[in-house]
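Have a look below at one chain only, the form predicted alone, in structure tokens format.
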């Protein structure tokens, strides 16, 4: 489909939300719940996190009021809607008949998600393609509207992973906020019809040129890792280097925060419970490979030391995903850096691995 650019102001975002809601869709986006940025349903432009900036660094996150600022994300991601932290799987009553839990499949639109979030959804689509619960929620997504990152955060490295700062595919509408104006582009025929319904004018040439300049600068700023091919080879070569991995993981405390905030981590464990009424329930909940019990099975523990679990986490993101689904499992969002209580920078670790291999 030939690329067409449209221009409007922030009110067009509100109009787009109204159109989607008018089609019976729950519109999910980054919004404020009190002073906490969450991912939930929005009803109007007022609910979006416009006018705020998130200031992120290793083990540091602050949300500040800034009318000219740019909000990226929080520890929430669209994964909360598609692969929730706690999910009912089966229920059983006194008759011991197990009944599959009902999955909420109300139609929805994902709005204002970031290109790294979009890439994470593609990873989950491939990993969980045979998961009935994920597929039911994923099929309920009618539209995806992406906000492109004109100003990557200090922990972002999406340029290195090829997952941002611009959206490359798999979306219906993408928009970028540029100095008081909003530039829209369609990624699908359905998205084009949405933009035509907004009755926006074609974007002037100077705005498109400015968009290209901003995106290129954002890509440069967010490209701080070595080339992915070099990263993958260095990680494979380093796997047996116990001393190196003990050193780079020395500050890790095994809290699994990185697993919980990662938009592509998908592991779960099952929890069974029963109450005095005779009702029993099986749930699954997120589980992280940095947790001690993750590698514990009957009679043994196949990753008893923390450096082993940290090494597995890093290799899984850059090597194992690539082998299994043809995509890296890291989308460069930087959440694992921001929300690591010890401030461990995954980008720096990966760069050290490459230096170690070439040294």
Partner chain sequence: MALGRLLPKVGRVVKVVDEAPLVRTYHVEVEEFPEPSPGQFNVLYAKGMGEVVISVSNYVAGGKSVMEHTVRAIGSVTNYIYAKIGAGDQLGIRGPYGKGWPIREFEGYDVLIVGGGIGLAPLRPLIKCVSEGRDRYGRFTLLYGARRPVDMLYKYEHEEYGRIPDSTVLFSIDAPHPSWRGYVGFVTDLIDKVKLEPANTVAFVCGPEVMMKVASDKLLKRGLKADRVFLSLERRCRCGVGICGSCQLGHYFVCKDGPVFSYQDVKPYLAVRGL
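We call the rigid core whatever largest set of C-alpha positions still superposes within 1.5 Å between the two forms. These numbers come from a predicted model, not from an experiment. Positions refer to the first chain, counted from 1.
Note that the form predicted together with the partner chain isn't included here; everything after this is about it.
- The three residues 5, 194 and 196 each lack any heavy atom within 4.5 Å of the partner chain in the predicted bound form.
- Residue 284 is the only one of 210, 177, 284, 224 with a heavy atom lying within 4.5 Å of the partner chain in the predicted bound form.
- Of the candidates 190, 246, 233, 220, 246 is the one whose heavy atoms come within 4.5 Å of the partner chain in the predicted bound form; the others do not.
- With the partner left out here, the partner chain still marks one of 165 to 173, 210 to 218, 132 to 140, 148 to 156 in the predicted bound form; by a 4.5 Å heavy atom cut-off that stretch is 132 to 140.
- Taking non-hydrogen atoms only, residue 228 never approaches the partner chain to within 4.5 angstroms in the predicted bound form.
- Using a 4.5 angstroms limit between non-hydrogen atoms, residue 307 touches the partner chain in the predicted bound form.
- By the criterion of a heavy atom within 4.5 Å, residue 100 is counted among the residues contacting the partner chain in the predicted bound form.
- Using a 4.5 Å cutoff between non-hydrogen atoms, residue 64 does not count as a contact of the partner chain in the predicted bound form.
- In the predicted bound form, the partner chain lies within 4.5 angstroms of at least one heavy atom of each of the following residues of 297 to 311: 297, 298, 299, 302, 303, 305, 307, 308, 311, in sequence order.
- Annotation: Cα of residue 95 displaced by at least 2 Å between the shown form and the other one, core superposition.
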